[in-house]
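Next comes just one chain, in structure tokens: the form predicted alone.
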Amino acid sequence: MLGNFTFCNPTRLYFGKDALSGLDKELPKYGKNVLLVYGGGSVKKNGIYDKVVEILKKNGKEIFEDAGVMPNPTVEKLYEGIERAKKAEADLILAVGGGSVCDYAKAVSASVHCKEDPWDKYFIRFEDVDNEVIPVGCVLTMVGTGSEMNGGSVITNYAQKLKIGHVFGDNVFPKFSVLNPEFTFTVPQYQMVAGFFDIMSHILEQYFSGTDDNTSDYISEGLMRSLIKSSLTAVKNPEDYEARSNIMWTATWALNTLVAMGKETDWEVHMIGQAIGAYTNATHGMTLSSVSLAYYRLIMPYGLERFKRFAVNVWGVDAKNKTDKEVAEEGLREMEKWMVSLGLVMKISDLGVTSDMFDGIVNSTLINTGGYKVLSKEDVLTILKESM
């Protein structure tokens, strides 16, 4: 049964080919100074930067830039962003990019007025924000993280070999997000499919938990079926608007907190993937794809009924004359076929992981308790070895 919960998502979304016009509706709500945050420059090459700047200027905004946000934003970059926001006296942080840029913008938002080290406060002690925040808006150019409609932010500290996510409260959620599927067309295929699996992993992390009859799980099954169908279309034709729009919308719903309501969630694949990322700087979605099958095969006996349901309802496995274990295993094989067809990384060795990193990755992996099995360090090591 559904547990007690409070649901609130304050982010306003503008979706579709004309979504950027939403900026004209939102910008008058904020002061003059805008900190424009983006990554390595692809937004300039594809013309999105010019479109955004034009709208900012039309609305009389003073533009301050914070460029160079990397795919795995570092704590050093966070400190730099804090200083840029302070110098700009920013009234709004506008993130133009993918999930990493949005994550980073939220971390800066919460940290500018923080009176202590934000890394320690938010990413080590996981404390709530108790200071003023700077409003954030997002113009999304890559899908996967769902960062455009949640409070999540992942920051990497390479010196400490830690990549950690913090989920801020709804006061740090983006105030608005612009989602034009056409803005995702120029994303390189490797990054595109990594984003696709990030979406799938977000849903799986919430789906593979609990044993009750929960509305959230029915929603999750529909989201996964939509993603599977649209992703196969998109890898053949990245500019198929129907497929890319469905994927963009699925990514948002996969992690805007809705399907987590009233149930436990797992997130152990993300913990292992983030630990790998802290050692390799690998693309996030690929760290997830490379360990997921080993993880799910390890925990499957502890949640067999849900894995059987996954096989039947998501992958269309015929359960007739098969044991529950056989059905569940067939479902994971079907997922594996889909992953391979997308061109995902299936081995952590392809991400640069070597056996001498194992102990460090194991020790950097945070252990959660919401899934079907609470992992031991030996379990994490087994998963890494199976994923090589």
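Heads up: residue numbers just count along the shown sequence, starting at 1. Just so you know, these numbers come straight off a predicted model, no measurement behind them.
If you look for the form predicted together with a small molecule, you will not find it shown, but the lines that follow are about it.
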- [ ] May I ask you to choose, among Ile272, Ala254, Ala110, Met142, the residue with a heavy atom within 4.5 Å of the small molecule in the model of the complex?
- [x] Met142
Open item on the list: Can you pick out, from Ser230, Gln191, Ser216, Ser209, the residue that has a heavy atom within 4.5 Å of the small molecule in the model of the complex?
Closed with: Gln191
Open item on the list: Residue-level contact is defined here as any heavy atom of the residue lying within 4.5 Å of the small molecule in the model of the complex; does Gly331 satisfy this criterion?
Closed with: no
TODO: State yes or no: in the model of the complex, is some non-hydrogen atom of Asn46 no more than 4.5 angstroms from a non-hydrogen atom of the small molecule?
DONE: yes
Open item on the list: Just checking whether Pro118 would be counted as a contact of the small molecule in the model of the complex - the rule being heavy atoms within 4.5 angstroms.
Closed with: no
Open item on the list: Against the small molecule in the model of the complex, would Asn150 count as a contact residue? Criterion: heavy atoms within 4.5 Å.
Closed with: yes
- [ ] Sort through 75-83, 310-318, 150-158, 216-224 and report the only stretch with a non-hydrogen atom within 4.5 Å of the small molecule in the model of the complex.
- [x] 150-158
